[in-house]
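Below you will find one chain, with nothing else, as structure tokens; this is the form predicted on its own, and questions on how it binds or moves follow later.
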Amino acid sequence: MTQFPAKAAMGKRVRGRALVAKDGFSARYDLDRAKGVFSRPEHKLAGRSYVGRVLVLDAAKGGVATAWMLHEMQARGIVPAALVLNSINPIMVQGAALADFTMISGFETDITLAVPDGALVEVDPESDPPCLRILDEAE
């Protein structure tokens, strides 16, 4: 197991498959929230489903609309398991809090380069410090 401590986190501990890209995240512009896929053609994850996946991306993009959209996605159950970002903004934090959504950020390494796409991961915002763990398949 490999562990990456983070500076900021919220939500519950979750496990899932990582969906990784060196790209940003905007719930408003990057996603088809009805189909549960990345829809912006220029996004590195275009066409891939985010539902139930741990999204590992570079930075939060967007403003108030993205925050409300996280809440709407959670209410409909078409939502990622967690959001893991190198950097966040205050609006994304507010949106995650409103949606009761697991999010973690502020790593010492570029997390998009450290986590392999498809890896089984655990996001643990309750540990001290909060962390992301890459799990062995047997766990």
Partner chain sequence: MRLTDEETALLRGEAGAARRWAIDHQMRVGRYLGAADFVPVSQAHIMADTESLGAAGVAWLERMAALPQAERQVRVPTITDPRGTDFAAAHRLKQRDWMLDLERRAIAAFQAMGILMTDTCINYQTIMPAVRGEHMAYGDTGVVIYSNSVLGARSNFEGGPSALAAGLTGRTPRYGFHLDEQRRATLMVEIADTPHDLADWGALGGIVGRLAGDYWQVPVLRGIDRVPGSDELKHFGAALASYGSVALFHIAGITPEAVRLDDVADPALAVRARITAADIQAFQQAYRAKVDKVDVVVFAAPQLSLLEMQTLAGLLDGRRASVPLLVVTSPQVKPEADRMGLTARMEAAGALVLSGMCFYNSYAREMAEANQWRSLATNSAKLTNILGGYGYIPALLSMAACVDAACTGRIGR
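Numbering follows the first chain given and starts at 1. Just so it is clear, the model here is predicted, and its values are computed rather than measured.
Omitted from view is the form predicted together with its partner chain, to which the following refers.
Enquirer: Thinking of Ala21, Ser49 and Val54 as one candidate spot, does its partner chain come within 4.5 Å of a heavy atom in every one of them in the model of the complex?
Expert: Checking in the model of the complex: none of Ala21, Ser49 and Val54 is within 4.5 Å of its partner chain.
Enquirer: Considering non-hydrogen atoms and a 4.5 Å limit, does its partner chain approach Ala67 in the model of the complex?
Expert: Ala67 belongs to the contact set for its partner chain.
Enquirer: Mark Leu31 yes when one of its heavy atoms lies within 4.5 Å of a heavy atom of its partner chain in the model of the complex, and no otherwise.
Expert: Looking in the model of the complex, residue contacts with its partner chain include Leu31, since a heavy atom lies within 4.5 Å.
Enquirer: Contact with its partner chain in the model of the complex for Ala82, defined as at least one heavy atom pair within 4.5 Å: yes or no?
Expert: Taking the distances in the model of the complex, the answer for Ala82 is no, it never comes within 4.5 Å of its partner chain.
Enquirer: Going by a heavy atom distance of 4.5 Å, is Lys44 a contact of its partner chain in the model of the complex?
Expert: Outside the cut-off, so no.
Enquirer: Even though the chain is shown alone, can you say which residues of 104-133 have a heavy atom within 4.5 Å of its partner chain in the model of the complex?
Expert: Read in sequence order, the residues that approach its partner chain (within 4.5 Å, in the model of the complex) are Ile104, Ser105.
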